[in-house]
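Take a look at this single chain, the form predicted alone, given in structure tokens.
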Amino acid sequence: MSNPSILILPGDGIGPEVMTEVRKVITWFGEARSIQFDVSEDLVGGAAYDKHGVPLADETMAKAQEVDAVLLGAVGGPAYDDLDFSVKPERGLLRLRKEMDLYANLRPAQCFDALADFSSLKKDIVAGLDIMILRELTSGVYFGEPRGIFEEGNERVGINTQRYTESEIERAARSAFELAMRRNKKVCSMEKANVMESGILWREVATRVGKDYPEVELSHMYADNGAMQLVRAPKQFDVILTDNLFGDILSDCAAMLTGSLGMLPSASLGAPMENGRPKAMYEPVHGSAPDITGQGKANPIACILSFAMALRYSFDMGDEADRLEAAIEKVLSDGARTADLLGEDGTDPISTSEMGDAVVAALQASL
């Protein structure tokens, strides 16, 4: 049986720095747990443009289609701001999502106990928070037609179309229910069925799919109320299912419950391949952070947690994902802090590399 395969795309800015720490973790699993991965590496974003003149070479795209999982660091930076839109670094990321048909975007909002004070909300509201937002990623108002800016009489009008087919809603909903079966068996589907026909269809399809999962408690909520509830009582949720537009907004809202973008991973999943594993790409939410690139200040935890998501959702290694997440919890509980996690207690920050080393040490201590 072949080893699971991973394509690493460090990208730009702090991407290579945080991905170096993920490689340490992957190496540890091979040496200490005898879990071997076939790892390859290539270019994306500005790094790919510098070498190939495009943000994603065709050969790299072909590799991404063949591996079990893609780990991506970050793309973009001020050096590429003046490029034509068609070759901006972000186009490489969008091409990966589109051609791999990664329709289910998983954005966890998990608040480690040691960081509860970093949230903008009261500690008792966010302590122990662990929710998952599943955002449909490849349809909806960002892709619907007609779209554009047109002349209408004596003025211009901007048009975007919210469009969903039953099958697009169904596959996202089914992914949400499958997630819930691994978690606390609750799905809250959020839309605007009170004012949008697409919301009515969304609710109907989610309800129909829910009947295939009798163990899962399904509830419905208007998305605007959902945003309010996320900041009022976020721990009422387990899995939130929502569309592309509302998911974009709600996931960013939930992100700030945890205190730092440097702590937030994500996964984008598609249809199963021949081996039964879904096409998948994992990436931290934080972006390329050009202002701290090369300074050893970047927090690698979001990227390491993205690898933990790969263990859980691509490789069926939930126990190992738990082990890695527990190691991160231990490191934070012991007081290790990169610059983005510093409070007002005078604690000195540790470097990107030191945080990665601390996570590996905690993993070793877990044996």
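Residue numbers run from 1 along the displayed sequence. As the structure is a prediction and not an experimental result, all values here were calculated from the model.
Omitted from view is the form predicted together with ligand IPM, to which the following refers.
Please determine, with the chain shown alone, which of 123 to 131, 292 to 300, 200 to 208, 91 to 99 has non-hydrogen atoms within 4.5 Å of ligand IPM in the predicted complex.
Contact-bearing stretch, as computed: 91 to 99.
Partner-contacting position among Glu170, Asp248, Glu178, Asp238 - heavy atom within 4.5 Å of ligand IPM in the predicted complex
Checking each option against ligand IPM in the predicted complex, the one that comes within 4.5 Å is Asp248.
Quick check on Phe150: any heavy atom within 4.5 Å of ligand IPM in the predicted complex?
Judged by the heavy-atom cut-off of 4.5 Å, Phe150 is well away from ligand IPM in the predicted complex.
If you check in the predicted complex, is Lys279 within 4.5 Å of ligand IPM, heavy atoms only?
Because no heavy atom of Lys279 falls inside 4.5 Å of ligand IPM in the predicted complex, the answer is no.
Going through 120 to 142, which residues have a heavy atom within 4.5 Å of ligand IPM in the predicted complex? Please give them in sequence order.
Stretch hits, in order: Arg135, Tyr142.
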